[in-house]
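Just one chain is shown here, as structure tokens, and it is the form predicted on its own.
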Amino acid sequence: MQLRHQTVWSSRALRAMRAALIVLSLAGCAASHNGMAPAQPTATNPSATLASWRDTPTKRAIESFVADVTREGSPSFVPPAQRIAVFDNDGTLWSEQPLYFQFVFMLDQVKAVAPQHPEWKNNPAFKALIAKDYGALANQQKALLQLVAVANSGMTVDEYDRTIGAWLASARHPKFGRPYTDLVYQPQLELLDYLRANGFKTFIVSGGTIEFMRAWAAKAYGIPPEQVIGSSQVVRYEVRNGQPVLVREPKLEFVDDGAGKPVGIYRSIGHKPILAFGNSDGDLQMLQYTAAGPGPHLALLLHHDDAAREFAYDRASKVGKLDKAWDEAVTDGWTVVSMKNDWQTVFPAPQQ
């Protein structure tokens, strides 16, 4: 997809696309651990530092918070088992423009299976998608979602995992020309490592689906599959060719976005986080939940204000809108991280 088409999409169209992403993608191995305390974290890299963070009040606030909650004898000391940190994924741990990366994948799946569906050649949504006429496509939402449903369901979860892996290995971002998994944020990789080195357990809490993130999150972030919380749907057990398999069904089970994020945290972790990091209004309730009540906490919002190195967007954006959450951050004293001013670099150096 080309960046010049980004502004064609309306807010309403993109909300529908985001809903489709959630409804039509299937979490093949979703598990709930309601009320179970996480295993006590251990330091994985005692020498971890925030090397890509500039020496600003933001960096010092993070370091001060971590020092306070990990220093025995401190009034703010938090036992390791309760040092839970949650991170949104899209726009917080990796980039999200011009469209959520998972939705780009799902649209590409429509194109990939098109030879199996000659009846699509007269479908107005399919014709608009192939022609990259995103204005027309925005007016064909229902027809497009039907195509996405067919292209992204019916297979086993293992087959879908392989499809995700193949796409991630071959697809390239339209602006940067790099694999999507290269577009994780270097300062956030360091922060995840820094927190784990100080006894935190780190989780992803995303509106995206868990099977899409689990395919690469462990390698990219050091976050194992069981610590990925996301939207999910029903899977069906059946026996195919004598083998038991799980098959993807387009039946919504749980939406881990907005007000769903605190619910997902409760169901899967059983502890309220003491640190939460987001970037948009979709993370507002997760940040509110983390910041509520007694005890130490740190709520962080990433502001995309760096058009030169990534993108600049906030209140008027069609993707990753930051409006109400920004207002609450100002009112309640949450920490707003400026990509432009607080980060020395954005992405890891390309691998040779």
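Numbers follow the displayed sequence, beginning with 1. Owing to the predicted nature of the structure, the values given are computational and were not obtained by experimental measurement. Throughout, rigid core stands for the largest set of C-alpha atoms superposing within 1.5 Å between the two forms.
One more form of this protein exists, namely the form predicted in complex with a further copy of the same chain; it is left out here, but the text below deals with it.
a further copy of the same chain is not shown here, and in the predicted complex it never comes within 4.5 Å of any heavy atom of E249. At a distance threshold of 4.5 angstroms between non-hydrogen atoms, L192 is out of contact with a further copy of the same chain in the predicted complex.
The closest non-hydrogen atom of L183 lies beyond 4.5 Å of a further copy of the same chain in the predicted complex. Proximity of V235 to a further copy of the same chain in the predicted complex: non-hydrogen atoms within 4.5 Å are present. This chain is displayed without a further copy of the same chain, yet in the predicted complex the stretch 255 to 263 from 133 to 141, 94 to 102, 255 to 263, 108 to 116 comes within 4.5 Å of it by heavy atoms. Taken together, R214, Q227 and Y289 are fully in contact with a further copy of the same chain in the predicted complex: each brings a heavy atom within 4.5 Å.
Only one of the listed residues (G165, P244, P79, G177) places a non-hydrogen atom within 4.5 angstroms of a further copy of the same chain in the predicted complex, and that residue is P244.
Of the residues L129, I204, L147, I269, just one reaches a further copy of the same chain in the predicted complex with a heavy atom at 4.5 Å or closer; this is I269.
Scanning 182 to 196 for heavy atoms within 4.5 Å of a further copy of the same chain in the predicted complex gives no residues at all.
Once the rigid core is used as the reference frame, the Cα position of Q243 differs between this form and the one not shown by 2 Å or more. N152 shows a C-alpha shift of 2 Å or greater between this form and the one not shown [criterion: core-superposed Cα displacement of 2 Å].
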